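This document opens with one chain alone, in structure tokens, the form predicted on its own.
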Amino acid sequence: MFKIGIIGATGYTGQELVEVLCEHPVVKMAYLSAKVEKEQNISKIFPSLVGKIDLPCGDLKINEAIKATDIVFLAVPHTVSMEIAPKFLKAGKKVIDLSADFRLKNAKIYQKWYGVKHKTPQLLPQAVYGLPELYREKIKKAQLVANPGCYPTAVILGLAPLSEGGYINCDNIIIDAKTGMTGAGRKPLLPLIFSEVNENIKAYKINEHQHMCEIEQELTRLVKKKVSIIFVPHVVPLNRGIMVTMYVKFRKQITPSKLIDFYKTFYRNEPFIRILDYGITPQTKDVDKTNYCSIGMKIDEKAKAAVIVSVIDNLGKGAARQAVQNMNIMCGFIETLGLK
């Protein structure tokens, strides 16, 4: 039985990991850490875990974590993982990083978007981007998996079939994205308090969001030419959930029936992708607290354009549950184990 460690267990993503892995049939949680005032049982921090798990959670003690674990999830803020991941890798542990520290292949691009110089650029080539639908075979052999961001997961899964098929104009992709409040993390900041968020929708970081470079990197790989996007994220008064609406222009004509068939064929063996019938669009409730991505679409044949709508749970397929899916693949388990 594989022994699991979660570093950053008290954030929204860390909590989701603990809850999901409590129910996983073939792994055992062996180590938890987080920045807390004092070490205490995780069920004291989250009473919903009473009777499910009995483990202390306190400051990270790296040597103890290494001795206790086989696989480590790093649910820590950006710029922190690159400090600690090398220590686990050197000790032979499998690492699944849920921050952005190993998602980008270019250290200079990382520095531009995250504002700090990457401290372990030598690890970037070996880190596998953890989107199973595109990189499953590489994930199977990986020691270090960079779990994708929530927005990129929804966008890339929504556009991958058209991108790889060479159907879309790569210079004219517009993405309208909306996320629930847990996407901002568990932080006591004024813009995140209830009275600021309730009954309110606002755009933020227009064409400046750090996930843009991640989206462009992966779509460029699929299209094999430079992709540029206009990306407008919004905060909406939901706890969890992401909806991205993508507007694309076609390079060649495609009918509605052919478009649907194309998507269904592309994702025919994917257990967590749902392609809806033509003209039906998904909603966030469809995927709440799951690892699913639901995709719907509509074509404007005269304009040679399409609207693609993709929804995920930002803490599920956008973070913790996708990380567990990656763990299942890395360890040779049934991919859906503990997730359905």
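Sequential numbering from 1, following the sequence displayed. None of these values were measured; they are calculated from a predicted model.
Below, we refer to the form predicted in complex with another copy of the chain, which is not included among the displayed structures.
Contact annotation: another copy of the chain lies within 4.5 Å of heavy atoms from the stretch 204-212 in the predicted bound form, the single such stretch among 141-149, 68-76, 204-212, 103-111. The three marked residues, Val50, Val197 and Gln283, each reach another copy of the chain in the predicted bound form, with a heavy atom inside 4.5 Å. In the predicted bound form, another copy of the chain lies within 4.5 Å of some heavy atom of Ala305. Residue contact check for Tyr247: one or more of its heavy atoms lie within 4.5 Å of another copy of the chain in the predicted bound form.
Under a 4.5 angstroms non-hydrogen atom cutoff, another copy of the chain in the predicted bound form lacks Val116 among its neighbouring residues. Using a 4.5 Å cutoff between non-hydrogen atoms, Arg186 counts as a contact of another copy of the chain in the predicted bound form. With the partner omitted here, the residue from Glu39, Glu64, Asp300, Asp54 that has a non-hydrogen atom within 4.5 angstroms of another copy of the chain in the predicted bound form is Asp300. Screening Ile260, Leu89, Val80, Ile174 for any heavy atom within 4.5 Å of another copy of the chain in the predicted bound form leaves a single hit, Ile174.
Along 126-154, a non-hydrogen atom within 4.5 Å of another copy of the chain in the predicted bound form is carried by no residue at all.
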